[in-house]
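A single chain comes next, written as structure tokens; it is the form predicted on its own.
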Amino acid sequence: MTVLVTGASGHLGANLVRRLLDEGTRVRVLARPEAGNAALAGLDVETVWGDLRDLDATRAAVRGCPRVYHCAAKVSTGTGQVAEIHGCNVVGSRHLLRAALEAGVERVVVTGSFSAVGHVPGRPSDETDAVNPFERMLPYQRSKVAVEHACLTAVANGLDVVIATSCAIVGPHDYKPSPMGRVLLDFARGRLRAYIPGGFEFVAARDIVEGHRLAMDKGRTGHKYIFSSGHTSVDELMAYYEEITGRPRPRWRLSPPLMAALAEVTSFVTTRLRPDAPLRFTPGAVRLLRLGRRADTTKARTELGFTPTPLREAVREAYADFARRGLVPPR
């Protein structure tokens, strides 16, 4: 069969496509010409050029594919680009699900976000925890909650959909690069001047790819599964970076309140003077690190047989891939 992957030029999609090709699967990708598709160079894939916000282009991409992995998303920890985030994530997902239902697709696995899982202080979050709609939410978080609602609506209409919830991804084939990829590059180049204590749930690229494959083969219709390699503190992450890059960590370990204030000022100035410039530590990113959220992956482990791998190895693979592409010195 031919399998469709959206978002194939992104971090998750690039790793998933390579896994599928290694398994001997014929892969079709929906890609935008202007999006930067270096992740697809040299791969034996069928490319359909188009945009998920274009329903006809989405229908053309889905046609003839009994299985679909919907990984495309506009990821952001900022407060801007609201229309862009909604269009790419919400409108695009609705088009994909509608096209899949019309084409009689067997199953769609949609990439979810841990930000669309509710936070309950004092315990790890699981798939039953709903986001509080009255709390402060970033546009990206709000969009991923809406995507899950669209998935459940599609299930009610007869489409087989499973949600594979991802945490922050670390690993190779990061061509954009991702927010975590940019942090590693900055560290390796000596451009990361400071960091803050805190922590988050990270997932190795190979683990989230495995999670998507398990969700496709074993997941229950209408259910979501959280995939994480484990909670990692920023100090642990800095230790991995030191070991793998050979560079010392930044000398400044700033207090979270100070970093939050700096992030507010930096974000305000940058978004007005250089709106297209990537921000390393936005107020939203600092807030997530300060929360120290933890994930409960029991459901994925017991129902699907998910077994996470060490995050240190994912960092090592990410650095080795950057070195292969000449972005950092080889080790």
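Remember, predicted model here, so these are calculated numbers, not experimental data. Counting begins at 1, following the sequence as shown.
We do not show the form predicted together with a small molecule, though everything after this point is about it.
Within 4.5 Å of the small molecule in the predicted bound form, a heavy atom is found for none of 67, 99 and 211. With the partner omitted here, the stretch from 163-171, 239-247, 185-193, 127-135 that lies within 4.5 Å of the small molecule by heavy atoms in the predicted bound form is 163-171. The small molecule is not shown here, but in the predicted bound form it comes within 4.5 Å of a heavy atom of residue 51. Remark: residue 219 does not count among the residues lining the small molecule in the predicted bound form, judged by a heavy atom distance of 4.5 Å or less. Although the partner is absent here, residue 111 sits close enough that one of its heavy atoms falls within 4.5 Å of the small molecule in the predicted bound form. Contact between residue 150 and the small molecule in the predicted bound form is not found at the 4.5 Å heavy atom cutoff. Proximity to the small molecule in the predicted bound form, defined as a heavy atom within 4.5 Å, holds among 145, 254, 234, 88 only for 88. The contact residue chosen from 35, 291, 60, 43 relative to the small molecule in the predicted bound form is 35, the criterion being a non-hydrogen atom within 4.5 angstroms.
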